[in-house]
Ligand code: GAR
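This document opens with one chain alone, in structure tokens, the form predicted on its own.
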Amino acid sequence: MDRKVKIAVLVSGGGTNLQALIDAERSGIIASGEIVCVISSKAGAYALERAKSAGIDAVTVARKDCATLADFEAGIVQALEEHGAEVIILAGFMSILSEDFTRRYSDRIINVHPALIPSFCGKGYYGLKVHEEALKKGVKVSGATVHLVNEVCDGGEILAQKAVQVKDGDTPETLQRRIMEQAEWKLLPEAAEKLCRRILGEKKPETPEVVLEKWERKDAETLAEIIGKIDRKYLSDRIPNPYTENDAVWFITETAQKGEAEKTGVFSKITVGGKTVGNISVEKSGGLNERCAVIGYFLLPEYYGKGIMTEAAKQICAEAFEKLGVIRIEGRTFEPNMASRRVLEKAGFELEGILKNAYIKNGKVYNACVYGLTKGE
């Protein structure tokens, strides 16, 4: 198999489930994926030693050293992006991830829970607590569940389950060990392989026809409505909040039309099936960078993931090289909008540097990512 899906494993402790994954990859049970990094939420976790012994990159993003959950997750995202991770496996990872994080990696995160969901699951049910509650209830059968992770704790799609007998005289520790050996260590690698095969077999959704058209004053109401539907974290701080129809008129007349007339920028509305769904523009930089231009864009959320921005970027870059006389177009994107990075790379942009000009704003870490596309290359 030429291509394998890149897997990151998130851990917090000893890493017994991690070892099961490592062994499964070596034995060929995981044939469609490869573990490229292990990320621990605790410094000194033995799981990191397991990773190093297997020749896998080991990274620590210590939760206790991060002021906020957003800071913690930003560190994890950085490590995931640096390793090109496509699948994330939670293997004894003792932190609940935010909705922003799970949405970013939708259908790409799997977790193993030491019970048969929907029993003994949800917030507060982890580690020995799960087995303690199962024994208190007097159940005769417990087990393990591997599921996709979403914004609901233990609420994602179930990929696999296996029942394990509860024996007389069991303690939480003996039951935990039996469930790991008979269920978790078997199910987790099998589910990882299943998800990797699913990804390799995924067909790209067909990109609808994308047409770039010039903004006109009559589009002001539409533009205002679009910006009102977009999450503010994906918009420049320079865009007024709230954004009114008067703001849209100003953009169209003073920025878009004037910029194109003076050949300082190319501004286009993105239309799909005759409907305006977003904006894309390329503007010349000033000063020493006058032969360079910067790309920027936004899109209605329901049109994400269809290749629309990639196609729009290709079209406007070709137009900008011709009309503006620039030799280079750059895209500067900032965390947490990593979708921008993927759009630009697919459109032919080359990643020049990550963590360039990293800074902190309003308690969040932002990493400036600079991409460039040079004419003739």
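Here the structure is a predicted model, which means the values were calculated and not measured. Numbers for residues come from their place in the sequence shown, where the first is 1.
The discussion below concerns the form predicted together with the ligand, not included here.
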| query | finding |
| --- | --- |
| Proximity of residue 125 to the ligand in the predicted complex, heavy atoms at 4.5 Å | yes |
| Close approach of residue 73 to the ligand in the predicted complex, 4.5 Å, heavy atom | no |
| Residue 284: touches the ligand in the predicted complex, heavy atom cutoff 4.5 angstroms | no |
| is_contact(residue 278, the ligand) in the predicted complex, heavy atom dist at most 4.5 Å | no |
| Selected contact from 134, 116, 196, 91, since only one has a non-hydrogen atom within 4.5 angstroms of the ligand in the predicted complex | 91 |
| Listed residue that, although the ligand is not shown, lies within 4.5 Å of it in the predicted complex (heavy atoms), from 191, 256, 112, 87 | 112 |
| One stretch from 218-226, 163-171, 76-84, 178-186 that, in the predicted complex, holds residues within 4.5 Å of the ligand by heavy atom | 178-186 |
